[in-house]
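Before any questions on how it binds or moves, here is one chain, the form predicted on its own, in structure tokens.
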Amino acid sequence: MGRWEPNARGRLAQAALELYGELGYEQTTVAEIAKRAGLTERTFFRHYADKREVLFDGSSALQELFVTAVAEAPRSVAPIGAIAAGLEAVSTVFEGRREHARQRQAVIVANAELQERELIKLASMSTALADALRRRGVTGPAASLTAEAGVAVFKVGFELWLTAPEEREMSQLMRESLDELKAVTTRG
């Protein structure tokens, strides 16, 4: 591919994911990613701060989508219902991206530094969700607990979606995971 071709960011991301899978994350250099994408290292750094960020590109937009959906959920729904609206919204981001998500997750699972980064991103998401719930009038610990539950449901639903032997809609798995959480919290 020549440098003049469009979608440099996407090409860099694809090249990085391929190389991480082939060589391992730690063994892959920015120079190799840029070369595979048919671009320069300078172009890489115009798009990404470091090779780690290639894997986490879009996480801020995902968090914003989740938070916005929670904030805009009907006022009549319970806090967990607002979280359900957020889970539905974020599920749409992953439509048609299951294989990409599997490859990305395999790279993250194989590297402790990346696992730590993933946990930091999820903690940030939980904090942002709790803030959105507080703006909806949910008080104190209830906002934090609901946000943490929402992130837990997201993690479990995401993992189920990645590992399901058959193609399943992520939104359905999110709903099922949320139903499981509700069931275990209401049993006597």
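Counting begins at 1, following the sequence as shown. No experiment lies behind these values; they were computed from the predicted model shown.
Although not depicted, the form predicted together with another copy of the chain is the subject of the following passage.
Mind checking whether each of Gly21, Lys51 and Val90 has a heavy atom within 4.5 Å of another copy of the chain in the predicted complex?
-> Verified in the predicted complex; spot residues all out of contact, no.
Would Glu32 count as a contact of another copy of the chain in the predicted complex, using a 4.5 angstroms cut-off between non-hydrogen atoms?
-> No, Glu32 is distant from the partner.
Does any heavy atom of Pro141 come within 4.5 Å of a heavy atom of another copy of the chain in the predicted complex?
-> Yes - in the predicted complex, heavy atoms of Pro141 and another copy of the chain come within 4.5 Å of each other.
Consider Glu95 of the chain shown here, and say whether it contacts another copy of the chain in the predicted complex, taking contact as heavy atoms within 4.5 Å.
-> Output for Glu95 is no: heavy atoms all beyond 4.5 Å of another copy of the chain.
Is there a heavy atom of Ala132 no more than 4.5 Å from a heavy atom of another copy of the chain in the predicted complex?
-> The answer is no: Ala132 has no heavy atom within 4.5 Å of another copy of the chain.
Please name which of the stretches 65-73, 23-31, 155-163, 39-47 has residues with heavy atoms lying within 4.5 Å of another copy of the chain in the predicted complex.
-> Only one stretch passes the 4.5 Å heavy-atom test: 155-163.
Residues in 117-152 with any heavy atom within 4.5 Å of another copy of the chain in the predicted complex | Contacting residues: Arg117, Leu119, Ile120, Ala123, Pro141, Ala142, Ser144, Leu145, Thr146, Glu148, Ala149, Ala152.
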